[in-house]
Ligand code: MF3
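Before any questions on how it binds or moves, here is one chain, the form predicted on its own, in structure tokens.
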Amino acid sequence: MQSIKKMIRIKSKQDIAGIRDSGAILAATFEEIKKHIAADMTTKDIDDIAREFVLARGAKPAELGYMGYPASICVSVNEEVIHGIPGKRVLKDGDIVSMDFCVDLKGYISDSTITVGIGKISPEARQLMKVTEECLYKGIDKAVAGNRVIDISRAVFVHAKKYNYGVVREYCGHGVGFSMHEEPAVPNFISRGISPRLREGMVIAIEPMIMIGSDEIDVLDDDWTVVTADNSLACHFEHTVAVHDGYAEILTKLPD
């Protein structure tokens, strides 16, 4: 049986540089979307912006066609947790919108998610967004060589549960860089079992998926869109991170 260590693909400095370049395009795509996103847009409009922006920069949307996924970006609104398919849904004032996007630049893949509010959002939505993003950065702080994956999981889970929020268990973060989903899995909750040690050169996507209500989710009939079982609000933030000795490097950001 192949060991976990062998299954986890370590990236060279050149590989990390390629993923960083991919991540810079991804971050710029989100900045472009934020310039335009507003009430009365459709989720399909967001998909069009993302696809056209990356194609114009010599990259491509990695999600398009992945396992049959029919769009370039995942757009999930309010009770939709992840994997929302862009379409005719019209955004309205007070919505919160999570956008999960992967960019493929010359074979190097980056993965990131942001959640934004449309117009005036509720205090409950604002707090959920704030706490979910805090969960992300608490997880990133633990993504250093010598720690274990469970250290990331614990940081995310403990912070979310301070607010009695639900934490998705069926989906999690993951390795990334050469393909969209690699080993290791990076859960957002504390689980028993093997927890790989983090090593210099690992690249992982950390992605808290947090809900105001319970931990329970459902999948819609389209076999993609994941929603909260109790119809409560959900939020999702994510970065692609390179593991180094003593620090974690966020690769899905604009150049300093």
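In this text, residue numbers run from 1 along the sequence as written. Predicted, not measured: the structure shown is a model, and the values here were computed from it.
As for the form predicted together with the named molecule, it is not shown, yet the points below apply to it.
J.: Tell me whether Ile16, Arg20 and Lys106, taken together, all sit within 4.5 Å of the named molecule in the predicted bound form, counting heavy atoms only.
T.: Not a single listed residue reaches the named molecule in the predicted bound form, so no.
J.: So the named molecule isn't shown here. In the predicted bound form, which residue out of Val156, Ala143, Cys102, Val81 has a non-hydrogen atom within 4.5 Å of it?
T.: Checking each option against the named molecule in the predicted bound form, the one that comes within 4.5 Å is Cys102.
J.: Scan Met180, Ala125, Val116, Val131 and let me know which has any heavy atom within 4.5 Å of the named molecule in the predicted bound form.
T.: That would be Met180.
J.: Although the partner isn't part of this model, could you tell me whether Cys74 comes within 4.5 Å of the named molecule in the predicted bound form, counting any heavy atom of the residue?
T.: Judged by the heavy-atom cut-off of 4.5 Å, Cys74 is in contact with the named molecule in the predicted bound form.
J.: Trp224 versus the named molecule, in the predicted bound form: is there a non-hydrogen atom within 4.5 Å?
T.: It does: once the named molecule is placed as it appears in the predicted bound form, Trp224 has a heavy atom within 4.5 Å of it.
J.: Given that the partner is absent here, does Lys138 sit within 4.5 Å of the named molecule in the predicted bound form, heavy atoms only?
T.: Outside the cut-off, so no.
J.: Taking the named molecule as it sits in the predicted bound form, is Tyr69 in contact with it (heavy atom to heavy atom, 4.5 Å or less)?
T.: Contact check for Tyr69: yes, within 4.5 Å of the named molecule in the predicted bound form.
J.: Which among 116-124, 144-152, 157-165, 172-180 is in contact with the named molecule in the predicted bound form, heavy atoms within 4.5 angstroms?
T.: Looking at the partner contacts, the answer comes out as 172-180.
J.: Who in 38-63 is close to the named molecule in the predicted bound form, meaning a heavy atom within 4.5 Å?
T.: Result: Glu63 alone.
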